[in-house]
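Single chain ahead, written as structure tokens, the form predicted alone.
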Amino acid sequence: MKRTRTLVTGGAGFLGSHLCESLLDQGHEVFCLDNFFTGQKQNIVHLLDHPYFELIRHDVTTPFYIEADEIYNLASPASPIHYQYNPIKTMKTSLMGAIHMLGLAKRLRARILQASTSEVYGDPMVHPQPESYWGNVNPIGERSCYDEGKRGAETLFMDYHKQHGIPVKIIRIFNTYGPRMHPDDGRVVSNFIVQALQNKDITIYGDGSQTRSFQYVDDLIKGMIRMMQTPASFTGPVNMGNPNEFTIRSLAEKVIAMTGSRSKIVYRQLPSDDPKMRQPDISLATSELSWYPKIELEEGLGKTIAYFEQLLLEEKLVEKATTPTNGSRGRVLVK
């Protein structure tokens, strides 16, 4: 059997690692490419011994050559803390990464999928947001490096499709959560869970009335793979998210209840350009992909809380094992 050779950029990240895992389960040969700015080796360490998995350290801002049948372009910092750390680098990753991966796809005549974002809609004036909405984006704000970088990447993808006939696929990902999220990425779900498990104050920016729609990672990965398998004539963009909408305050309250935490909710000033509402219209994904998210918030939160509980426990064991006692230098616990 000839295996599909699949390149996943950003493959050691939160979403990328789940995608690599699913593709291997489906019989693909997977090349995982990551520069480890936000990706973590622990996300894919369990895949390293798989005979059809290969890890490559590389930055998509420089050209890359490989033989592949399809490409998933996920490389990009995705949380405000990470993408605002070096905004010029963020723009380079989106735009130069798209150019280099599209150039590779052109040479190989390979299918290529762009992981875009709901951030292309900015602070929307249309609710919920359909793919036909052009957005309300500040081009010079704190979030612009990410928002405009992703918008520019979508433009490049469509122009390569029109000019060179490259079979491109574009998805716009709405808030996604689940195991392997970075504990310090500043995203609302991971923030709330880590704060609650440590009985720390849960920080809400603004009054908590702003809304988001949260999809569990497994639902997204199924939709992403299904999008890649659509006919070459169908390019998207396609929204992928859970249309069930929640206020940030209600999410915090749910996390506190599910963790049995003693945390209190505290309020801070809302950052500039933070969207007041975010909800996908997924009618296109439903009609063209027969895709609809199945995992409800409480079930997904339960799995994510269990992941962070284990992560914090492991960190605590390592800290205890390496802390000097009675004048000793400390020993590392080996299992």
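Predicted model, so just to flag it, every value in this text is computed and none were measured. Numbering starts at 1 and runs along the sequence shown.
The same protein also has a form predicted in complex with uridine-5'-diphosphate, omitted here; what follows describes it.
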With a 4.5 Å heavy atom cut-off to uridine-5'-diphosphate in the model of the complex, the contacting stretch among 253 to 261, 191 to 199, 105 to 113, 225 to 233 is 191 to 199
* Please check if Arg151 has a heavy atom lying within 4.5 Å of any heavy atom of uridine-5'-diphosphate in the model of the complex. => no
| query | Hey, in the model of the complex, does His161 get a heavy atom within 4.5 angstroms of uridine-5'-diphosphate? | reply | no
Is it the case that Glu288, even though its partner is missing from this view, gets within 4.5 Å of uridine-5'-diphosphate in the model of the complex, heavy atoms only? no
| According to a 4.5 angstroms non-hydrogen atom cut-off, is Pro130 in contact with uridine-5'-diphosphate in the model of the complex? | no
If we test each of Leu270, Ile66, Ile295, Leu55 for a heavy atom within 4.5 Å of uridine-5'-diphosphate in the model of the complex, the one that passes is Leu270
The one option of Gly135, Gly141, Pro243, Pro80 with any heavy atom within 4.5 Å of uridine-5'-diphosphate in the model of the complex is Pro80
Looking in the model of the complex, the residues of 233 to 267 with a heavy atom no more than 4.5 Å from uridine-5'-diphosphate, listed in order, are Ile248
